[in-house]
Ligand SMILES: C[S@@+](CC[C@H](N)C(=O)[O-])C[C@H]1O[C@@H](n2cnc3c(N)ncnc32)[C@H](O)[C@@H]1O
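What follows is a single chain, given as structure tokens, in the form predicted alone.
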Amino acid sequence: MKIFYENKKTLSEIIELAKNVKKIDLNIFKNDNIFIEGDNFNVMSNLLDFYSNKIDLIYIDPPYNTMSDFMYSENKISTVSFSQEDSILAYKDKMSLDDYLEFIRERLVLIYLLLSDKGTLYFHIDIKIGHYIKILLDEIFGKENFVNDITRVKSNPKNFSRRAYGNQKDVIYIYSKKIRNNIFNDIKIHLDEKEKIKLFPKIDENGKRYTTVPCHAPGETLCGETGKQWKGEFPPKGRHWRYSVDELDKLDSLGLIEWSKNKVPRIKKYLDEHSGKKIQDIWLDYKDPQYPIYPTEKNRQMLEMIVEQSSYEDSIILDCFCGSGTFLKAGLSKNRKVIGIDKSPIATKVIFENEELKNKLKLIKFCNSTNNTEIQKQFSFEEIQN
């Protein structure tokens, strides 16, 4: 499925635009953490010379085409409240729908080319425009490379007066470069105190919390250790022992089998051995900061989790709509190599006034003019996609 709109370019036309972007020498910065002030299409066109198929994780939180101006003020006191007198424009978010979709699509083509074969894109967007973006992502990445859509609770409940339900959520679309090849470290999250009590309700003689699970599991084993008789019993029909009978004997000798009054055995599972719970596709604990330093700043804990989940310590990661630089902070805190891009001078100001970032990033200011200079390396979307 594809989406059609006025002035939609072919993939080859987008690649040709990238070839004709003015070239700057980024080679001297290739081992540095960098922030580049400039239009991200032009900047990513330059990055292709050095980082094509090398970036393991790209997170973007682009403008949502809200038809709004987003203001910056050092006296901002909450998410939506700031002093009008000393506020300045951070960025405009006003395009026709056709222009907006092509703006995003052109950048998605370059993002695809920059991602490594084990790379992942996290695309953060709101629900008003997200359904269009999903079709663009399917077109560029292939629908088979769709990994997840995340529902994120972004704010506390809203009580506006319009005739509609309150909107607390936005969405993150996750796509891999190659099907089932993306980095996924299966990061677990810790149980809270209520969950610990609920999931591990029993306490042993040493005061340690535990629960019990059956000694058997679904599926018959007709031949093999887990289908044998144990303690005079075979596993129930249609099931098999979770462990071999020798292992069950060992667990029993260690006091890790609990016997009911009716002599039914169950295996003890202790809280202190629990590795945490798998992260699901509804994120409740990553709300936007109440006092953002830059418009639409996102939750740092969420970005740190994304970095840990979908990259390695030697990975290169990129945010080409950098804003406050929170994703760069998250990457640096997890020992990744980071690249940030934003065209707003206010974003540059915010980033390089931040103590975590200013001494760790090299600043490059990119002139957004173009020329027809022949690019050193020619890129074919079709070749790289295959």
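Keep in mind the model is a prediction, meaning the values are calculated, not measured. The first residue of the sequence shown is number 1, and the count goes up from there.
There is also a form predicted in complex with the ligand; it is not shown, and the following applies to it.
Notebook entry, point to check: Heavy atoms within 4.5 Å of the ligand in the predicted bound form: which of the stretches 321-329, 47-55, 26-34, 353-361 has them?
Noted result: Stretch 321-329 is the one.
Check: Which one of D249, D99, E139, E297 is close to the ligand in the predicted bound form, taking close to mean a heavy atom within 4.5 Å?
Finding: It is E297 that has a heavy atom within 4.5 Å of the partner.
Item checked: Interface membership of F103, the ligand in the predicted bound form, 4.5 Å heavy atom rule -> Close contact exists here: in the predicted bound form, F103 approaches the ligand to within 4.5 Å, heavy atoms only.
Next item on the list: Mark K337 yes when one of its heavy atoms lies within 4.5 Å of a heavy atom of the ligand in the predicted bound form, and no otherwise.
Entry: No, no contact at 4.5 Å.
Note to self: How about H240 - does it come within 4.5 Å of the ligand in the predicted bound form, if we only consider non-hydrogen atoms?
What the structure shows: No, no contact at 4.5 Å.
Check: Quick one: does N65 come within 4.5 Å of the ligand in the predicted bound form, counting heavy atoms only?
Finding: Heavy-atom contact with the ligand at 4.5 Å: absent for N65.
Next item on the list: Counting only non-hydrogen atoms and a 4.5 Å cut-off, give the residues of 15-41 close to the ligand in the predicted bound form.
Entry: Contacts from 15-41: G38, D39, N40.
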